[in-house]
Ligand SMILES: Cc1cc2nc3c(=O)[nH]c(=O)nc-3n(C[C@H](O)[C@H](O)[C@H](O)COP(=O)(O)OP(=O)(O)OC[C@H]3O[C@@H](n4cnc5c(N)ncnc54)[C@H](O)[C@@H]3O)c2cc1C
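In structure tokens, the next block holds one chain alone, the form predicted alone.
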Amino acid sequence: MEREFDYVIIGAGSAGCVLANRLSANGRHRVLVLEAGGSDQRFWIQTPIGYGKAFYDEAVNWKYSTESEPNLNNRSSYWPRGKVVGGSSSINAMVYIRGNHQDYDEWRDMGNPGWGWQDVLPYFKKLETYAGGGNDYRGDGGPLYVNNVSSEYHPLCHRFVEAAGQLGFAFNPDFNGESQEGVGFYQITTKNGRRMSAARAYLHPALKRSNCELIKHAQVTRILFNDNTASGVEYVAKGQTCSVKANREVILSAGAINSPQLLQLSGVGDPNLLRSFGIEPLVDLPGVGRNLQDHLDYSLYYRSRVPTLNNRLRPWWGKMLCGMQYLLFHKGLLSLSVNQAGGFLRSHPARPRPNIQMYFAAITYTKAPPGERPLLQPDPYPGFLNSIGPTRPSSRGHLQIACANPLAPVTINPNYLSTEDDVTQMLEGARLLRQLAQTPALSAIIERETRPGPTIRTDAELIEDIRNRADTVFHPSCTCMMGPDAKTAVVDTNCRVYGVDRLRVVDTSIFPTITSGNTNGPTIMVAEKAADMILA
């Protein structure tokens, strides 16, 4: 007998966990969450720096790869995505950034009333408990704990801030406060030395309620429709094909890759694409899988004259000391992220707003195999890196199903660096990194630049190196865009899919444009706001 729920949520990721909690809170609605991955109760998921271990672990990771990118000299880009309870919030680097206030005003001005900065700020405050306390901009009573652990960061982070100040960039004590611009220290989603994923913050408390249920290792294969009304979900679990009925709504929260994939597999998308794989089109929505946006990053590496995290993590006794400190006290290096300092800067004074995100890390792992993040096995000499990436790239890519098999991966074409301005921003950012290295604060501790090295000098040489080495920082988004026009958008301002009833998409894929910075915080905000819309 087919089981029935009020709401069926596809995906226990950053958005799905929020929805499960909020939709089940009043006790009146029966909520089911279907998650393709397994439990998040793993040591290297709960341990903050363990994201280096999860980076290539197929037990918790979809391990996607893009098609060869012509503007990255035909390199493929590796895209880890969380296939585990908590989704990518269980395997990310935990940096918490809301984005620039103007990002949301632009969403509103693109035809999405209710999504401006003043509209979303209450939800950002609602979702968090900030370690620094509540104020006009920060929340102090929400499920997600946002930690300020800057006092524990490596001393070189202060050198970086000093160097930026020597170039005229202001110190910003809170990128999530009144203004995003400036340099400073990143806040992370941890509490008591453990990762604060969306699962820990939202889902696990919700599962204590009798009306909220989670099925793990349940890979959804399609959304079921009765005429043009979403009626349920089909999924595969333990080799068996199962289905569940949704009496109120099906909510697709599978992320920027899997949400458009499931829409296409279910007959919602470009009819020509669907027919080419033998799928009968239900709704003509050519925007499904289009408008793909992501953040690209470019790093310069340095050999240091003073000790860095390499010196503490490379020797066996250093690993042992860090491990003992963490196991006994839940403190130390293993309780942190390596992305400790950085900022949001203008790559050129003429830029109207901060257009570059910078990461400073007192660690290097230049001998890492492709796709690896051996955070506990850094280079055998003191080193650090500094990197930049445009926060609002103008390049647009797409993704689509490669066949009708729901268990097959999609084809991903990010189309990186396909606009002249994106290339210019990367080049300006690379020049800015070089200027930072020449400040008194940093030049005093730099033995030499190891990548790309001093032989790479001209604009043409730097652009070529960018094409050879720049890579994703894992923020795919915008593939089920929210907007007023069904010819380009996929959902309306209430996250409802155009052309069908009782089906919403709520996750990073509905962003009209990518936000300035890390995307986990904005995704949780979107789910908080969507939950209110659904309950209303």
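All figures in this text were calculated on a predicted structure; none of them were measured in a lab. Numbers follow the displayed sequence, beginning with 1.
There is also a form predicted in complex with the ligand; it is not shown, and the following applies to it.
With the ligand left out of view, the stretch that reaches within 4.5 Å of it through heavy atoms in the model of the complex is, among 28 to 36, 463 to 471, 66 to 74, 488 to 496, 28 to 36. Although the partner is absent here, G521 lies within 4.5 Å of the ligand in the model of the complex, judged by heavy atoms. Taking non-hydrogen atoms only, T508 approaches the ligand to within 4.5 angstroms in the model of the complex. Under a 4.5 angstroms non-hydrogen atom cutoff, the ligand in the model of the complex has G11 among its neighbouring residues.
Although the partner is absent here, P414 is not a contact residue: none of its heavy atoms lies within 4.5 angstroms of the ligand in the model of the complex.
Of the residues V244, V410, V423, V95, just one reaches the ligand in the model of the complex with a heavy atom at 4.5 Å or closer; this is V95. Proximity to the ligand in the model of the complex, defined as a heavy atom within 4.5 Å, singles out one entry of L442, A230, L262, A430, which is L262. Of all the residues from 293 to 314, none has a non-hydrogen atom no more than 4.5 Å from the ligand in the model of the complex.
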